[in-house]
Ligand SMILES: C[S@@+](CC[C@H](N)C(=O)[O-])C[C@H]1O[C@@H](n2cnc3c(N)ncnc32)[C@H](O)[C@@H]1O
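Here's a solo chain for you in structure tokens, the form predicted alone.
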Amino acid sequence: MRFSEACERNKEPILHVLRQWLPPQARVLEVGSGSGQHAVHVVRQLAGVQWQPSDRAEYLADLRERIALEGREGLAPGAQLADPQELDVDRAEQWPRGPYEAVFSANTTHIMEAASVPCLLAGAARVLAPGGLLLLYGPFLGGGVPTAPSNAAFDAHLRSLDPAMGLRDAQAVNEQALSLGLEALADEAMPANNRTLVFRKRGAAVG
């Protein structure tokens, strides 16, 4: 079963942001759930949250194993953790219908190809309820420039592995999101030179 040291380090700061932004009893789609550590941690801490983990087909076996072993006990009151589903952001037919109050994704935009980032944003815009939130966690560039030496080194490393990978510019993501009806609400500073970008789907919130 996969285990991510990064997830273990950042799960509490991410939980703090989710607690701040998610409405009560939010239905949340997590894109790129990976090891499932964030999913399990959130449903154990946030009462009433309904969490839908997802990932590409090649990562589902480990994700399902963690959910089966750890995701059915010790949940916060009213919290629910759904069975993981397959989701490749490039394949529109794999996106669930929703609606969701939030879409969350951690450490994915710099791993997926640059051309897939607009697909992630567009998919989120489709499945979010009016007024719903998209939260993207990870390292980002600022005006095309790394915000810290560690981010510059990480970006160079990723591009050496695959030129299609690399840190994305937060301003460019904001502009892409806005063109899809997602307006930027916040840019939360996180530990280790990471950030959480928060967007809201235009329209009045349901309920």
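So that there is no doubt, residue numbering starts at 1 and follows the sequence shown. Here the structure is a predicted model, which is why all the values come from computation and not from measurement.
The form predicted together with this ligand is left out here; the points below concern that form.
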**Message:** How about Ala114 - does it come within 4.5 Å of this ligand in the predicted complex, if we only consider non-hydrogen atoms?
**Reply:** no
**Item:** Heavy atom of Val127 within 4.5 Å of this ligand in the predicted complex
**Value:** no
**Asked** Is there a non-hydrogen atom of Ala106 within 4.5 angstroms of a non-hydrogen atom of this ligand in the predicted complex?
**Response** yes
**Request:** Indicate whether this ligand has at least one heavy atom within 4.5 Å of a heavy atom of Glu101 in the predicted complex.
**Result:** no
**Joint contact, Val28, Leu121 and Val173 to this ligand in the predicted complex, by non-hydrogen atom at 4.5 Å** = no
**Request:** Work out which of His41, Arg56, Arg159, Arg64 lies within 4.5 Å of this ligand in the predicted complex, going by heavy atoms.
**Result:** Arg56
**Prompt:** What are the residues of 82-110, in order along the chain, with a heavy atom within 4.5 Å of this ligand in the predicted complex?
**Reply:** Leu87, Asp88, Val89, Asp90, Ala106, Asn107, Thr108
